[in-house]
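Below, in structure tokens: the form predicted on its own, a single chain.
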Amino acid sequence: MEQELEIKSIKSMKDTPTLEDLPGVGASTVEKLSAAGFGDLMAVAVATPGEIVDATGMTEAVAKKAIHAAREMLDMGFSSGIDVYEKRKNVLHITTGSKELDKLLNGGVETTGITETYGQYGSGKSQIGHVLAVRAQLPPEKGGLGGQVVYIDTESTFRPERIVEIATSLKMDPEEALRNIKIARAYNSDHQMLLAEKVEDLIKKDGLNIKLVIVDSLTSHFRAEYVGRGTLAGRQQKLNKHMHILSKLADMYNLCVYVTNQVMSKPDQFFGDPTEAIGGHIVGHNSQTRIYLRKGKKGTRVAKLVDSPYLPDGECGFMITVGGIEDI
């Protein structure tokens, strides 16, 4: 009861509460929180007590109290179905350039979630990433998001020449298109996770209008660094944390996260397609939309929608051209 009165008194003091309004948080603690990436109430509200303790050195009890107060200030309780429905109206889409693929995805690759493509080498995963990196810069009336792009490259797949080709075909300024893409080469899994965390700084501190984050590929470093069944649990925990960071970015800033994934061939499957995505259930559960890509006839590609929270399964064909992606 005393805690509720304390929170209410804090709310009455300011129309817009800040970190300094949290119980047990002073100016020095605010600096520590901001330095660790917890720059606003939402960041604290969705953090774990352990993360706040590590960032500030406060006790776990005080950290829990601060998190609870942040959640109360932001009114992070239950919402009605109509509230969620109204929020879903703010979801945006990036067109792929293929009408059939856009139709499969209900308008294109959507914001507020993670879209994953997986398939064998040459199936078109990175090509789609390059296309989205250019088309995300288009204004909304042309199927874009009118924003900038972060490209986390783990396999040295980013090619500026490809961006120039796609931008030129769309009658965009190629140099401007390249300037709007922030590329970072990740050299190991820890570096990859750090780069994902830095995206929020680009948005909040540097003032960039980031609307698309690409990770190509998601599992490459994790697969190389964690070898053998004995390391599987550690790998999955780390991968889970990484995807939660990406999912949080997508939801908080209404941006699109596009990740590519490697595959393996199941040796115990004698019938049907033995191809399976790397990362197991962790990647599967954290990806809102999953697309399996494979090569088709005469240079075509086939996209199969494997999983979506609201779209029916289906598949379509498309072609990769100099200008990007087109219908067959």
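Note that the structure is predicted; figures quoted are calculated from it, not measured. Position 1 is the first residue in the sequence shown; the rest follow in order.
Heads up, the form predicted together with adenosine-5'-triphosphate isn't pictured, but that's what we're talking about next.
With the partner omitted here, the residue from Gly97, Gly124, Gly144, Gly113 that has a non-hydrogen atom within 4.5 angstroms of adenosine-5'-triphosphate in the predicted bound form is Gly124. Contact with adenosine-5'-triphosphate in the predicted bound form, defined as a heavy atom within 4.5 Å, holds for exactly one of Gln236, Thr168, Asn254, Gln120, namely Gln120.
Annotated contact segment (heavy atom within 4.5 Å of adenosine-5'-triphosphate in the predicted bound form): 157 to 165, selected among 157 to 165, 104 to 112, 185 to 193, 86 to 94. In the predicted bound form, adenosine-5'-triphosphate sits beyond 4.5 Å of every heavy atom of Lys65. For the chain shown alone, Arg290 is not a contact residue for adenosine-5'-triphosphate in the predicted bound form, no non-hydrogen atom being within 4.5 angstroms.
Although the partner is absent here, Arg301 is a contact residue: one of its heavy atoms lies within 4.5 angstroms of adenosine-5'-triphosphate in the predicted bound form.
Under a 4.5 angstroms non-hydrogen atom cutoff, adenosine-5'-triphosphate in the predicted bound form has Ile320 among its neighbouring residues.
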